[in-house]
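Just one chain follows, in the form predicted alone, and it is written as structure tokens.
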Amino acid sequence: MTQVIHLGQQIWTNYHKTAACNLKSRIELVNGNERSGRDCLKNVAETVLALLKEAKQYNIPVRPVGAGWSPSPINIVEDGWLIETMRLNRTFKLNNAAVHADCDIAPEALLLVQCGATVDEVYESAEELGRSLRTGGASNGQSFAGACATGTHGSVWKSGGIQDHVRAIQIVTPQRILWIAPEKEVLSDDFIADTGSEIVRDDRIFAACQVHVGAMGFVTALLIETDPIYMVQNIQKAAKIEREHINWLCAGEFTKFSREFGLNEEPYFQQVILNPFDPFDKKCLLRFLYKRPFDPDLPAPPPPQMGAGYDALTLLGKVMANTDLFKANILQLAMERGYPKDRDVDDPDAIATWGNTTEEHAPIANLFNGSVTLDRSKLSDVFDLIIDSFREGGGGTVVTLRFVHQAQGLLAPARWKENVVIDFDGPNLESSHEGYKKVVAALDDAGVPFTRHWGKTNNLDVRRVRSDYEQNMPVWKWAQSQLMPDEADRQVFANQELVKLGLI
């Protein structure tokens, strides 16, 4: 049976040490010894249901938390219960009997993932089965469920967010254990019933739960679809770009951009890291990943050769955090020292599986994370506006351009057909916050629609959330009321951030 370990009242701080709260109790859940996935999911869900019923009875707010990765206060709950799930980290393959007769997805492509499994653990499980994920964020230490809940994206320009893998979600409310799925069947009714779940097949409710931001209930498991295993070749380098190249990216001419700086082929992943103080005269940092067939005999190169670890830029940004003297030059030094070793086109090939393109980094204290996502076709028009505003506001760190397809989920920030995500990551200083605020204000003044990442610093409120997601927001709220018609049930999951955002 699932263990419930009460660790008592304490101060809890998130992974990156950007937010803390005083807990009534920290509670850790641990898997039992069940052999079957159905039994494991059923026992965990029933344990969570009992905890939520108790919390509702005594008016105790609850926040489930995996790795606590989000720098935003999304997981903060004052005087409540924080229920940790990192030891609910099993994954299960499925056989033919588990799949619905009308399902058009092969059983070997499906993987049951518990809520506490990290992205890295899911990578490993998939690869052991000869499968792979198709996208992911910049790191692999966050829980897979948490990354889905906040709409985490990568820079795979033909794919959306990590939640696009999800084909069903087991969610527990204070009243029910639910299996949320689209109307097109994937798993059999008998299999779902064996997990202790009530089936809800509805496309709108499923789309709402794909990016639920922690406000739809307690997610205990996910069903995900994987791709056949593949490998990627890494090319990364420091190089000067010109305004013309920004126009190419804006137009989606990624093969043309790759031909100029990387290989003469279409890239799978593409990222540009800029120095905002001099984006064209200073070198930017380019990273391309090109898809390759899987070769089991090919030894995996060390992570730096695959481009993993570029988050070190955030640490090295502190080199110039407290000085304005030659800021552009200091930032450039930090960028080029912090970036992993160049892997240019003439260097020996660096090829590994998709799961080897990221690594878990050490916690980054005093981190600032902010981003805006907008229609990629607007990039050329707003590039100067964004760079100039960030610099004028005092922002003192790198600006990263990522490119993603429209993501699934009603509240997915990547909501346009083709998106550019512009990240501002660095030290948690007033200048970083002010630079980001200047960017947001400048885009608003120019009438440019954009969204923000749920798991990062975002300065959002209920009015802005409704404006950003327009007709999707009422549908999302309707779905929430279908799962938890009793307001008291929804209040179990309330915290200051979710109330501010109008999600509870």
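One-based numbering along the sequence shown. Remember, predicted model here, so these are calculated numbers, not experimental data.
There is another form of the same protein, the form predicted in complex with a small molecule; it is not shown, and what comes next is about it.
Novice: Tell me, out of G262, G214, P174, G395, which residue has a non-hydrogen atom within 4.5 angstroms of the small molecule in the predicted bound form.
Specialist: Residue within 4.5 Å of the partner: G214.
Novice: Pick from F450, W476, Y436, W69: which residue has any heavy atom within 4.5 angstroms of the small molecule in the predicted bound form?
Specialist: Checking each option against the small molecule in the predicted bound form, the one that comes within 4.5 Å is W69.
Novice: Even though the partner isn't displayed, in the predicted bound form is M231 close enough to the small molecule, meaning a heavy atom within 4.5 Å?
Specialist: Because no heavy atom of M231 falls inside 4.5 Å of the small molecule in the predicted bound form, the answer is no.
Novice: Heavy atoms within 4.5 Å of the small molecule in the predicted bound form: does N75 have any?
Specialist: N75 belongs to the contact set for the small molecule.
Novice: For G370, is any heavy atom within 4.5 Å of the small molecule in the predicted bound form, or not?
Specialist: Residue-level check for G370: no, no contact with the small molecule.
Novice: With the cut-off set at 4.5 Å between non-hydrogen atoms, does M306 touch the small molecule in the predicted bound form?
Specialist: No, M306 stays farther than 4.5 Å from the small molecule in the predicted bound form.
Novice: Any chance H245, G252 and P279 all have a heavy atom within 4.5 Å of the small molecule in the predicted bound form?
Specialist: No, because H245, G252 and P279 lack any heavy atom that approaches the small molecule to within 4.5 Å in the predicted bound form.
Novice: Based on heavy atom distances of at most 4.5 Å to the small molecule in the predicted bound form, which listed stretch, 96 to 104, 133 to 141, 284 to 292, 298 to 306, is the contact stretch?
Specialist: Of the options given, it is 133 to 141.
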